[in-house]
Each structure stands twice: as structure tokens, then as C-alpha cells.
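Only one chain is included here, represented as C-alpha cells and corresponding to the form predicted on its own.
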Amino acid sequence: MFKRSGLPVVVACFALFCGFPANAQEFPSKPIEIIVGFAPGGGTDMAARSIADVASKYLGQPVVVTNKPGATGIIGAQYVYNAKPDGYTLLVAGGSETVAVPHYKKLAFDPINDFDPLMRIMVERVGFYVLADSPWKSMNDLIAEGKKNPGKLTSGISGIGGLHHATVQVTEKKTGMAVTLIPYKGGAETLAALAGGHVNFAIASPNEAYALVQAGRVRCLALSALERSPTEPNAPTLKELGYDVYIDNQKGLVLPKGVPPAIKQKLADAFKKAYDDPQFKATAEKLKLEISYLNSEDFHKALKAMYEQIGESVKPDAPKAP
């Protein structure tokens, strides 16, 4: 028979041992929220909504997408970092808030190690877009203008300190051009500014710009990817043009650190089923999302590699073009 003084400890241990599997079995018992740190209409938002609509049928609960734009994705990331690690709050990460912003300002969290990657959903190429009637017919034309008249060209980007900011900064260093940056809250706003003639060129993804390209309003001069985009097959990469620039915008799901392994596995299984679902594939094709799955471990490695690459490129002492 247990002594009275030791009973609470024994009961607590028993509850802890038995409660975890029960909680994992019952999960989820309420709606799951996916946080997007950017405005509606951009690539991050598209990726989140496309997979959320399908994942709900594999989780048995609604999967709700909430936009918390601001500070180049950091407001949304901070929200998820502070969230209870119970599996009910996820973040779409892998872009600005994860691999770029930390090189420009100090954050309250480590974007690589303070979240648990769940899976990568897609890769967004990063493109240089101009109006269809722009006088710059090629990327080399744009670079020549940026070298001839430093600071005269204006570039629309999704937030200061973000991945698009890093793309322009790295390109400036590798080509010798110089431009003036005009920040917006997301890809949709950036492209609207370009279409309205408020900036000379915009940094955006092919899926974000697809409708404007098809309407004949804008065109892509080049991409910062390693290979051409199936959506923009005629746009060369900067590497093809001889410039050592490589930046891709990854989009995937991450969790706050500390979510129980069994719950994390349930989420991983459900979202992988959603990723493989014909409904998601059809939506991704319609929206021109370049889906590219990586599991938790490989997604973490890919994030770390891009983080380190951007960090090396944006350092003040990084090599510059003559």
C-alpha cells in the first residue's frame, strides 16, 4: 500500500504516463490555425490556403488560415513562436522571416532552431518583373541602367529585410548596379505598384505574377533560381547570365518548438496526405504553385543552407562586382 505522502507523486506520474497517449489519440479536438505572416493574395497565402482546404478532411477538424502581416513576416512568426506547443498553431515559413530578416535585425527567436519543421510544400522562384512596354528588354539592359544611373531605378519589394530585399542586395553586389528600394506588405501589393507604374521593376514569384503576365501587362527579365521556372520558361536565370546569384523562396509548415512527437507525427501524416491529394495538386496547378515536398529533416537542412548562403552574401565585406 502506498504511503499517503507519496501518493500525489505516484498519481501525477501515472497521469503523465497515461495522459500523453490519450491526448495524442484525441488530437485534434478543435480547429487548427495556420498563420501567414504576409497579406492575402501572395504566394505564402496561396500555399497555405491551398493545402488547408484539403488537410481538414484528413484531420477531421477545420484548418483555418489567418493572415498576420507586418515586419516582413516577423509578426506572424513571433505569434507562432509564443503559441502553446500543442499542435493547434502552425506557421508558413521558409522565406523572409526564416532565412533573410535575421541577417538585418536582431529577433527574439532563432528562426532556424526555435521551430520544428513539419514539411516543405513548395519553392517559389524569385523573378525580376517589368511592365510589358518597359524600355529594358533584358536583365542586362536593367543592370546597365542601374550601373549608369545609380539609385535612379526603383524596385518594389515585399518588406525591408526580407528575402526580396536580400535578392536585390545580392544582385547589386554581384552586378555593380544600384537601385532604390520601395517596400510593400506582400507580393500582391508589390505587383500592383508595378502595374500602376509606381516602380520601375518588382521582385515577385512567377505564380504571383502569372495573371499579369498572361494579361500582357508585365514580363519577367530573369530569375534568381538555379534553373528556369516552368511558369517562366523564357526567363533566364542570373547564373545563366554569368552572375553568381542564387536565392529561392521556400514555403513549408513549421510548429513552435516542443509539440509532442505523437501529435507532430499526426500532423505530418495528415498534411502529407493532403499534399498527395488530387484536389491539392489540381489547385496548385491552377495557381501555378511549384510544389516541392521535403520531409521535416530535409526541410530543416534546406532552410539552414539558404539562411547561411544569404548571410554570407549580405555581409558588409561580401565581394562586390567591379
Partner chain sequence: METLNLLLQGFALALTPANLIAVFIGAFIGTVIGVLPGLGPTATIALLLPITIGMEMVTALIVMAGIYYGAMYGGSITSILVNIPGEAASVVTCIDGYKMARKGRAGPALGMSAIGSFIGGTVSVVAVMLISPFLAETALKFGAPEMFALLFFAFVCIGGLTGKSRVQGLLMACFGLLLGTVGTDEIQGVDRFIFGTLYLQDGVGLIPLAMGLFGLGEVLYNIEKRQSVGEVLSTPKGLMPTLKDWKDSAWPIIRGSFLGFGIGIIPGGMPAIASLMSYAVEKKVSKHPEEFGEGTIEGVAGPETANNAATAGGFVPLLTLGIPTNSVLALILASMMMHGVTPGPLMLIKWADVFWGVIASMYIGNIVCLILNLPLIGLFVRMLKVPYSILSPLIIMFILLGSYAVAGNVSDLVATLVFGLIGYLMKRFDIESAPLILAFVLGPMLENNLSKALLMSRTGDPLFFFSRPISATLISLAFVVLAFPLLQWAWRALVRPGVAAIKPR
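Under this definition, the rigid core comprises the largest set of C-alpha atoms superposing within 1.5 Å between the forms. Numbering follows the first chain given and starts at 1. Just so we're clear, the structure is a prediction, and the values are computed from it rather than from any experiment.
The form predicted together with the partner chain is left out here; the points below concern that form.
Taking the partner as it appears in the predicted complex, which of 42-50, 257-265, 270-278, 293-301 has residues with heavy atoms within 4.5 Å of the partner chain?
Answer to the contact question: 42-50.
Interface residue in the predicted complex among Cys220, Ala188, Val170, Ala225, criterion: non-hydrogen atom within 4.5 angstroms of the partner chain
By the 4.5 Å heavy-atom cutoff, the listed residue in contact is Ala188.
Answer option from Thr237, Asn140, Thr154, Ser134, heavy atom within 4.5 Å of the partner chain in the predicted complex:
Going through each option in turn, the one that passes is Thr154.
Are all three residues Ile74, His198 and Gln214 in contact with the partner chain in the predicted complex, where contact means a non-hydrogen atom within 4.5 Å?
Yes, each of Ile74, His198 and Gln214 comes within 4.5 Å of the partner chain in the predicted complex.
Partner proximity in the predicted complex: Pro28 to the partner chain, non-hydrogen atom cutoff 4.5 Å:
No, no contact at 4.5 Å.
Distance check, Thr283 to the partner chain in the predicted complex, heavy atom within 4.5 Å:
Thr283: contacts the partner chain in the predicted complex.
Could you tell me if Tyr184 has a non-hydrogen atom within 4.5 Å of the partner chain in the predicted complex?
Tyr184: contacts the partner chain in the predicted complex.
For Lys105, is any heavy atom within 4.5 Å of the partner chain in the predicted complex, or not?
Yes, Lys105 is a contact residue.
Taking the partner chain in the predicted complex, which residues of 67-101 have any heavy atom within 4.5 Å of it?
Sequence-ordered list: Asn67, Lys68, Pro69, Gly70, Ala71, Ile74, Ile75, Gln78.
Is_shifted Thr190 between the shown form and the other one (CA, 2 Å cut-off, rigid core)
Indeed, Thr190 is displaced by 2 Å or more.
Does Gly159 shift between the shown form and the other one by 2 angstroms or more at the C-alpha, the core having been superposed?
After core superposition, the C-alpha of Gly159 moves 2 Å or more between the shown form and the other one.
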